[in-house]
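This document opens with one chain alone, in structure tokens, the form predicted alone.
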């Protein structure tokens, strides 16, 4: 068995695809491309693939990750070319690479995600509101349960907030916990800001796993948050986002 990691974008109208629809889309594309998919065992075999961190409907993504098992080895550049010949530009593959099939799946390693919410036109009151939000000791939101709703304090899941102002728009960057230990979503953070304006769009810029030291975050490609954010012209240092491990609910 050979495992490959696919990095792709999710843009435009495809932001409205649910996670299940996105999974179905890639399975159809992989089959159409003639990829040698490996299947699970049992009465209802399914292609062995997993997305690292499913996106909420309406959010676009710069670096989305899909891991796929094939029953024979393929050339990574050919995988990329063959998929892009079928996929629309809004789901274009950026890179394909072979990874260790015996290693943990990326979905089990994800600890945080980096988002940007764009407000256009700008919202002047965002500056004091974001400062107050980040300085609050308790930040409760309501989450829907199967039977009853519950109040959840998401303060520990907000690692960093960074507001970038410009004459034409405001950009609220959010570094948030996610993964199997719990986390929060951009919509929950934005709901805590008492403003009438909704963001024009929300985009996930990247996902992060634990670094070798266990007290820092890196992308699956090995970039630290400071290196990653410097590419976006942001001054966010690793030390600014180190925090306690969130408690799972």
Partner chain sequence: MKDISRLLASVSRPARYLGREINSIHRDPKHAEVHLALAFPDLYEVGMSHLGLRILYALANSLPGIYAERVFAPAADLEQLLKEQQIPLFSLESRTPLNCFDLVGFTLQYELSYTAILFMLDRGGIPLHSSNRGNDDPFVLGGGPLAYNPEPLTPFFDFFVIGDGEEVLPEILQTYRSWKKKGLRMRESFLREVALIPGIYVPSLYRDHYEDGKFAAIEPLAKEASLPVHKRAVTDLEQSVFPECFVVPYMEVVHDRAVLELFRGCSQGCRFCQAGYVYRPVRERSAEKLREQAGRIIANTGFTELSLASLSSSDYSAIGELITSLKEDFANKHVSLSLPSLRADAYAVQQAGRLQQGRATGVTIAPEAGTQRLRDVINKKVTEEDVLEAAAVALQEGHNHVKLYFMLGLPTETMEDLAGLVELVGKISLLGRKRGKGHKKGSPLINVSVSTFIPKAHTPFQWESLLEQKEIMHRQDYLLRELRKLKGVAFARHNASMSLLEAILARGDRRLAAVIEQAYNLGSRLDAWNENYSFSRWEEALATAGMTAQLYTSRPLYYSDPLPWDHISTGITKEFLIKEHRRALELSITPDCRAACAGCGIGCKVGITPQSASQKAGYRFP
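Numbering follows the first chain given and starts at 1. It should be emphasised that the depicted structure is a prediction, and the values quoted were computed from it without experimental measurement.
Although not depicted, the form predicted together with the partner chain is the subject of the following passage.
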* **Output flag, 151, 155 and 157 jointly within 4.5 Å of the partner chain in the predicted complex, heavy atom basis** => no
* in the predicted complex, which of the stretches 86-94, 164-172, 99-107, 138-146 has residues with heavy atoms within 4.5 Å of the partner chain? -> 86-94
* Report whether the minimum heavy atom distance between residue 45 and the partner chain in the predicted complex is within 4.5 Å. => yes
* Asked: Even though the partner chain is not shown here, does residue 25 get within 4.5 Å of it in the predicted complex, heavy atoms only?
  -> yes
* With the cut-off set at 4.5 Å between non-hydrogen atoms, does residue 228 touch the partner chain in the predicted complex? -> no
* Asked: Could you tell me if residue 29 has a non-hydrogen atom within 4.5 Å of the partner chain in the predicted complex?
  -> yes
* **Members of 174-212 lying within 4.5 angstroms of the partner chain, judged by heavy atom, in the predicted complex** => 200
